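So this first bit is one chain, no partners, the form predicted on its own, shown in structure tokens.
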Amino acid sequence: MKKFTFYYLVFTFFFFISSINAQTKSNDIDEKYRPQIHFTPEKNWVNDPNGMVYYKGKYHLFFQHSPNSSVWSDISWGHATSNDLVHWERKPIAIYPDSLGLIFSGSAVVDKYNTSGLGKNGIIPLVAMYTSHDMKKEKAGVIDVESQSIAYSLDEGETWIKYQSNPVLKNPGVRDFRDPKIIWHEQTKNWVASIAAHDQISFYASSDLKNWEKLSDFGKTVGSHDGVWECPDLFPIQYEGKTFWVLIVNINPGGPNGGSATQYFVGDFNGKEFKCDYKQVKWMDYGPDEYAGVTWSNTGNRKLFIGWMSNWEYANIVPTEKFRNAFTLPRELGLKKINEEYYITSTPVPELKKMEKKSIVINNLTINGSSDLTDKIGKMEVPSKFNLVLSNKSDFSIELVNTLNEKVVVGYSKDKNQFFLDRRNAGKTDFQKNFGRMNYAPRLSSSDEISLSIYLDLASIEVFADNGLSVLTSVLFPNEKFSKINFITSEKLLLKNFTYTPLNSIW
């Protein structure tokens, strides 16, 4: 009888746990506005992705997370892992606040030479550098609110130990001094940290990740300075056999369509100073809802990028309940030269093909005025992907509409040579005065053909034009799923290819 009772209790326990897991997955699928193809924590607030590192076949995604609130509060490092950048396993909180403050953004690296001395018994340590933000000092109005600390992992990123002598880099007298992004610079055999210092980037070097020396500053006379600089990222990238250096700088406010956004610079880094020859502001994403975007470390020549899919203008008040905010799709970065200028391209990672169901392909469709493409694809599902190739001889727009006549519109103006995304009538907009607005992106390509790749989720749309030269990301809150697609043109236009692909949920 005792043996039966024991096994009965064990069975009951595992059935209970399985029921909870099943319920969590069901809630992820059924909850209104819960993204189906984008990562979100199970509940509560999320902002900047940070600390991303690839190690032993696993992508680690850390992020700013309030585990106890659906608004920004007790900021910790949340954690998730993936083998394919598509399906994610949610993990326990990685780094909690301590006596030095909240755990703000940072980065993580594989210290394969054990330069830090934190590895033990031949174990290679993963080392994270993050900003300690002292809320008591902030409330007291003092300057040195933020300093840099480190933590390390000896179990491949599962758990983290804070370094006992934190902070490793004290505040130099700058109110905003945060978001360290570390790289190994092979030529100088040093770690280099890019740190946001109000509206500039400060570079520091270290041989052991513990002791840091100031190298230089960048940005005083270039780029947008309409807000505070945050979340930098410095990395080399190859183009036609030549190495260029890219410096990503997120800014809030000051984005091209209001609020938060990601700017970048293409130039050269000699191990001490970053230089670029142009003063034009370049944006990674022209939509209102890509911010704090940075890349994974330890991925070789692949530069994999992900951003926070929200905007500080309204992130705390978007109309969701259990969770608040999400991340963009993972993107692969490249470089392209146009008219003697170099531009970053940003395209969804090819691993996302794992989500795809059977596609419907339509070739060489002539449209003169408007066409209901839903008639040609049958029932439209959400989430889904749309690929289009067409000539740039005419204005056009693509309307995604629901039965309430709510719609989001993506299009191109030939006279202005720009793409646009209109969410003014896409559902709930009254929670913030500037939410319902038009958003624009310049067309950089001079090709006679325009290509568009559009990813639609329950509460977002991501538009990649001209193979990622112009990108628009936007969150949406329709009261009902979109179910119809209309194509509208100002004159006769050849739609060379239209491919509709419904997508499976990643959960």
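Don't overthink the numbering: it's just position in the shown sequence, from 1. Quick caveat, the model's predicted, so the values are computed rather than measured.
There is also a form predicted in complex with beta-D-fructofuranose (FRU); it is not shown, and the following applies to it.
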query	finding
Heavy atom of residue 178 within 4.5 Å of beta-D-fructofuranose (FRU) in the model of the complex	yes
beta-D-fructofuranose (FRU) contact at residue 105 in the model of the complex, heavy atom, 4.5 Å	yes
beta-D-fructofuranose (FRU) contact in the model of the complex: residue 231, any heavy atom under 4.5 Å	yes
Partner contact for residue 48 in the model of the complex: beta-D-fructofuranose (FRU), 4.5 angstroms, heavy atom	yes
Answer option from 235, 88, 152, 312, heavy atom within 4.5 Å of beta-D-fructofuranose (FRU) in the model of the complex	312
Heavy atom within 4.5 Å of beta-D-fructofuranose (FRU) in the model of the complex - residue from 460, 40, 470, 64	64
Contact segment among 80-88, 270-278, 178-186, 375-383, judged by heavy atoms lying within 4.5 Å of beta-D-fructofuranose (FRU) in the model of the complex	178-186
